[in-house]
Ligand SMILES: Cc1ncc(C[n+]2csc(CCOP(=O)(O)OP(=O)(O)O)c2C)c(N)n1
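So this first bit is one chain, no partners, the form predicted on its own, shown in structure tokens.
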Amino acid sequence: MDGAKLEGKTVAEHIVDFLERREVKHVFGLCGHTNIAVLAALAESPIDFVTVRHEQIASHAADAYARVTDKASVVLSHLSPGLTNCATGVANAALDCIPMVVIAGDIPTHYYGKHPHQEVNLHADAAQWEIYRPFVKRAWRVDRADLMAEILEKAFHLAESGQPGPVLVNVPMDIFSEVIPSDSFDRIRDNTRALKKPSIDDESAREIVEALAKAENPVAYVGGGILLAQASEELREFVEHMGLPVAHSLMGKGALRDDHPLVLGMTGFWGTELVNQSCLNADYIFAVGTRFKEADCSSWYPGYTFNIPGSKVIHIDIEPQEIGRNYPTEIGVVADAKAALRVLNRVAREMYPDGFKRPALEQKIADFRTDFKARNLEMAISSAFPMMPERILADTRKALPEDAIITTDVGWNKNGVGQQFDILTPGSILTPGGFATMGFGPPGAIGAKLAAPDRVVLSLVGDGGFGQNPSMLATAVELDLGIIWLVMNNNAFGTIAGLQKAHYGLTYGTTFPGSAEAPANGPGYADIARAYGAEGHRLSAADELLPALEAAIASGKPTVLDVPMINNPTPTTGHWNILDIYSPDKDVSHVAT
């Protein structure tokens, strides 16, 4: 070995130095024999390694962490079983466009083709990185130590630019331990940290503003791209000036405060009559940062949420492939939502300085909200036990400060929250959208709390979702994270049980023995919490929930509240194609079980 190399550091040490320069504060992961060189380097670093008991917890926590920090999170994984355990959370991040850099250990390069310990090798050698190819933006296998610097640089840029998403940097363990000089890392020190995002030209902006100004029934339809671009304030200014009512996708919830006078609500299968009818009657739909996904669009069936063709579409998105994918588009613009809305706001004020007011529309929205709450009031204050889901959501909203961060999971805590739970601070709800991963919410809360330690963080989760990875409690207790997990416990995979009951008249494989009030030998979630060292309480009456939530918030301790819940279906006004598959020509959806 020559003198220059003797003076160098290991690749693992260079990686940690690189992460420090990028101001990475936390790395999520789990140890393995392929990545302990990186852990050894992290031991002397100000970066905190967040140890978990299952890699899926790491990737879900990192997902939520990136949503709150608006920067790429970092996951450190072991080879093969570690990487496959991690995959669900990485895929969830991919479908929700969350930036993440996964650094994974792999077999040594000198064992390629020999099928060493734990290698995935039934059909190809040295190919574990290909497992992630269907869902990451790019996967690299690093076969030369001197390429590590430029690959890491590319990885962060790619994860955070364009339509964000996860990337994989797959590193054979001998590469981690190779000693190299700092030249390749020094060369990228002064490179830009973030790429400039594309905007919109004035001519296109005037075309859009004029079309919306002349429209009789325009509707703004916004998705998670608004939140990814941190464009909530620019959106608010534009819709207020143009007088546009705002519909949103599931991932767009919280783009504006839900009590804003122009917010219609969430579209699609779980949308209300107001929002779906408003979209159906629109002559122009101004879509920003949305993919027009199936559940948000009632499986794209005309007559339920959108009538396109019919309504004309103006679509702004950072990813060209999303424009025109599901609906024909009259004006399509590839641009960052924040940058585009800044230009649109300036141009709109130049063209129409007085703006547009729609008092009749605002009154219609206000009247619908009043009526909707009145129709739900009986359930929202019901003393029934097991509890009504509406009462659980109502009491939770009362207990939480406006800027509390909510992580949802799947079922009532996602669909019902999207429909009925007011989000009052943009970006404060973290939901598994495209992958709809059961088990996202509880570990997601860990990432959210680490990213925003001074904010209240609550995980709304079903018993099915909480049961996926309860070992996340170990990490929360060890780090003393004052998170609240509210388990909406219907003793079932409730949404699927309701579907099966409606279409097949049974609940085989979708419910657990016993009932929500008296499960038969089922897990005691409060007992599980206490076994991990957290606080745990199982409620026995509806009136106990609000004081229990207030006490948990005040305590600042990790707390599980096990709340028995009636398995009522979330009301629907849209449509979902699976209903036609299960019961053709019949008007059935979910039922209570």
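For every residue, the number given is its place in the sequence shown, counted from 1. What you see is a predicted model; the values in this text were computed from it and never measured.
Although not depicted, the form predicted in complex with this ligand is the subject of the following passage.
- This ligand is not drawn, but in the predicted complex it has no heavy atom within 4.5 Å of G441.
- Among residues of the shown chain, A436 is one whose heavy atoms approach this ligand to within 4.5 Å in the predicted complex.
- Although the partner is absent here, G225 sits far enough away that none of its heavy atoms falls within 4.5 Å of this ligand in the predicted complex.
- Contact annotation: W412 falls within 4.5 Å of this ligand in the predicted complex, judged by heavy atom distances.
- Per the 4.5 Å heavy atom criterion, this ligand in the predicted complex is contacted by stretch 465 to 473, the sole one of 448 to 456, 465 to 473, 212 to 220, 513 to 521.
- With the partner omitted from this view, the residue of Y284, F493, Y132, F176 that lies near this ligand in the predicted complex is F493 [heavy atom within 4.5 Å].
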